[in-house]
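As a starting point, one isolated chain is supplied in structure tokens, in the form predicted alone.
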Amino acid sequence: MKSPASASWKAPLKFRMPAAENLVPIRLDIEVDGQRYKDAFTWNPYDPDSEVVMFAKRTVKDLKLAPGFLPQIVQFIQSQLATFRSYAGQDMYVGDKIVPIKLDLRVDHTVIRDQFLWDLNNFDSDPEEFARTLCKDVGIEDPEVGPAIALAIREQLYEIAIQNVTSARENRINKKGRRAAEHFPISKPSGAALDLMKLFRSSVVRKRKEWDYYKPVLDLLSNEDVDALEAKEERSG
């Protein structure tokens, strides 16, 4: 059977994450009676909805959250799952796309910044394995950093997959009288992404002179730095 990774850019695929596992990135930021709960994780969209309720009950119990968090957690997760599932069965165009992925994360005392290229046609790619390898290579020991890196990658891949669905939809609407090259508009990237595309438009191989610029940057914060950042985030939030 022909792998989706080898599909021609002219042939649409059915919506899915460009990764080995079709997992949904979930983010929660809920406040009830002055108590705040923030979390981020991935969820299997094929799991029954009863799993969401069980997860919410366990979370409220384990973290000693107010009872009002239970329906909120369930609602937030189910809403994000419903959005993801709404794209199921829709066509999306991938093509020979190599896209820039950017990381700028803080997990407790660890700050990791990196940028690299990701092949959207490789449906065997594994963000979690990539994150584990990156953490090992740069010496990150905090077990919470790897999952955060994988989630950040999946969030960007999810956004790109949605853009590809939009491109396929626009192609169907505007099909007549257009050349094939005009059928698949790409959403305008951010400034940082655009700069990366310009740098790598001729090759996906990093040139030797660019190694220092694109290598991961790791910072370990002091307790004082973390307290100051969290206070700033609390004010801005």
Partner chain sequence: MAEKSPVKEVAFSESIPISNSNQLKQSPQFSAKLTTPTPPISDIPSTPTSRLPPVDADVIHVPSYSRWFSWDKIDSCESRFLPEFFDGRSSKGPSLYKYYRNSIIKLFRENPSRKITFTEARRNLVGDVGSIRRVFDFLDHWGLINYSASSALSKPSKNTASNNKSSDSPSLESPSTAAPTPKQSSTSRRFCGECKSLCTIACFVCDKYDSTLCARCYVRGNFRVGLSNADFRRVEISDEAKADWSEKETLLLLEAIMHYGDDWKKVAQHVGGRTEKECVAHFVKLPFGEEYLGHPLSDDAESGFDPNKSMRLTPLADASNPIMAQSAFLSALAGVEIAEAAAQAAVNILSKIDDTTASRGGNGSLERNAKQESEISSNGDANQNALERAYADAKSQLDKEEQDIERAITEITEVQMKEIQDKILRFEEMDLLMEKERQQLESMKHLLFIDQLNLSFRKNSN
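Positions refer to the first chain, counted from 1. A quick note: this is a predicted structure, and the numbers were derived from the prediction, not measured.
The form predicted in complex with the partner chain exists for this protein as well; it is not shown, and the discussion that follows is about that form.
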Check for me: heavy atom within 4.5 Å of the partner chain in the model of the complex, for each of L23, N44 and A131, yes or no. yes
Closest heavy atom of K38 to the partner chain in the model of the complex, within 4.5 Å or not? yes
Do A161 and the partner chain come within 4.5 Å of each other in the model of the complex, heavy atoms counted? no
Contact between E51 and the partner chain in the model of the complex at 4.5 Å, heavy atoms? yes
Quick check on R58: any heavy atom within 4.5 Å of the partner chain in the model of the complex? yes
Taking only heavy atoms into account, state which residues of 140-156 are within 4.5 Å of the partner chain in the model of the complex, ordered by sequence. P143, E144, G146, P147, A150
